[in-house]
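Single chain ahead, written as structure tokens, the form predicted alone.
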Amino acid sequence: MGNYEPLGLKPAMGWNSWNTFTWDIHEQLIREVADRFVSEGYKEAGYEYIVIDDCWSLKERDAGGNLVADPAKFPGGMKAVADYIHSKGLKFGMYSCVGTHTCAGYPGSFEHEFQDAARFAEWGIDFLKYDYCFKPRHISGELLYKRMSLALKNCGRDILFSACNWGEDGVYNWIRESGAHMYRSTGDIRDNWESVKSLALSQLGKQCYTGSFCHNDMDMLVVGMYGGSNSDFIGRIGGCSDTQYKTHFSLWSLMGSPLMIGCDIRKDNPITKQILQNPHLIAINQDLEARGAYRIKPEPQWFHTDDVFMLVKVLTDGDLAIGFFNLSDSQRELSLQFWDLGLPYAAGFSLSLFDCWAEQELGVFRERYAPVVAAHDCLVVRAKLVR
């Protein structure tokens, strides 16, 4: 077996073209992103997939019913792009859709599932994002995802299956047994604070629906976009503050979402790079047991909304990752009582806390810890039991 890791064991990490570039993708861009992955440390940090989203193909299949890469955008063909990405020690991902057409109106894989899976394998694809537009109304999405899963698992190549049905049709109840390695549980993210906040809140209480081999995907990251999309839908104007991006990355990391970068990393600044490559947050996200994070709400008489809470993720080595999140518009003190973690005072243990963003020890605490957290900010600690 060597160092082989089965597909989907841990949340995927990579980059996707859609958030910034939407339809404006081409071969040179993808090559430059692959170069940047290596030169700027993204590969070393754990990011491995470079994924082309919608709008890569011609509007019609060829005479044999095959998908055809747009020769104006990808003159060398998809096999050449895949070969280049593989030469960098990275993996290549592409996009299709369960319906007759993709969301942007290109050919979908409906009733071409096995043919398309074979073509993707021939091109050297390692990841397939599979969207949900233009699905025939009287065929269940559950069945269509099972179709493509079966096709991918029998195409002769290991291809990670990323189902993207936006949390529709009771997906939590059937997606794991369909064979998908990750699944979108939300609508599309936008590059603004309200979108980040609403998507995170929508997944609180759903920690039982993520785990190894089927990860709850809260959509791609908008960290570092600063309103840089070419689409008004995603957010051409505005963006988030660096503090909000930090909180966004912390939420996705603790909640076990795949970490798929959406900004133009060719233009990343030092703060964006620092957020996306934080080794402590990535280690929490990539913890081998891939457990969901449970929520602890502070004292209800002081907090009447969901804007302030703690997330706790149980880690393989016995440590706890604890995030103190203040999504409200004013500074708050968040008091964590250790008995809510299963640690009673009578046990005789304390918690040694390490600040994962400041990268420093905070000290040893017994019974409670109550940091003050600024508006839209967070504190993430790694807690170790000590006598």
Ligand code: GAL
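Position 1 is the first residue in the sequence shown; the rest follow in order. All figures in this text were calculated on a predicted structure; none of them were measured in a lab.
Only in words, not in the display: the form predicted in complex with this ligand, which the text now covers.
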Task: Segment assignment from 174 to 182, 145 to 153, 288 to 296, 102 to 110: heavy atom within 4.5 Å of this ligand in the predicted complex - done: 102 to 110
Task: Listed residue that, although this ligand is not shown, lies within 4.5 Å of it in the predicted complex (heavy atoms), from 48, 54, 27, 319 - done: 54
- [ ] Scan 116, 126, 131, 268 and let me know which has any heavy atom within 4.5 Å of this ligand in the predicted complex.
- [x] 131
Open item on the list: in the predicted complex, does every one of 13, 42 and 92 come within 4.5 Å of this ligand, counting any heavy atom?
Closed with: no
Open item on the list: Is it the case that residue 166, even though its partner is missing from this view, gets within 4.5 Å of this ligand in the predicted complex, heavy atoms only?
Closed with: yes
Task: residue 220, heavy atom within 4.5 angstroms of this ligand in the predicted complex - done: yes
Open item on the list: Residue-level question: is residue 188 within 4.5 Å of this ligand in the predicted complex, judged on heavy atoms?
Closed with: yes
Open item on the list: Suppose contact means any heavy atom within 4.5 Å; which members of 222 to 243 contact this ligand in the predicted complex?
Closed with: none
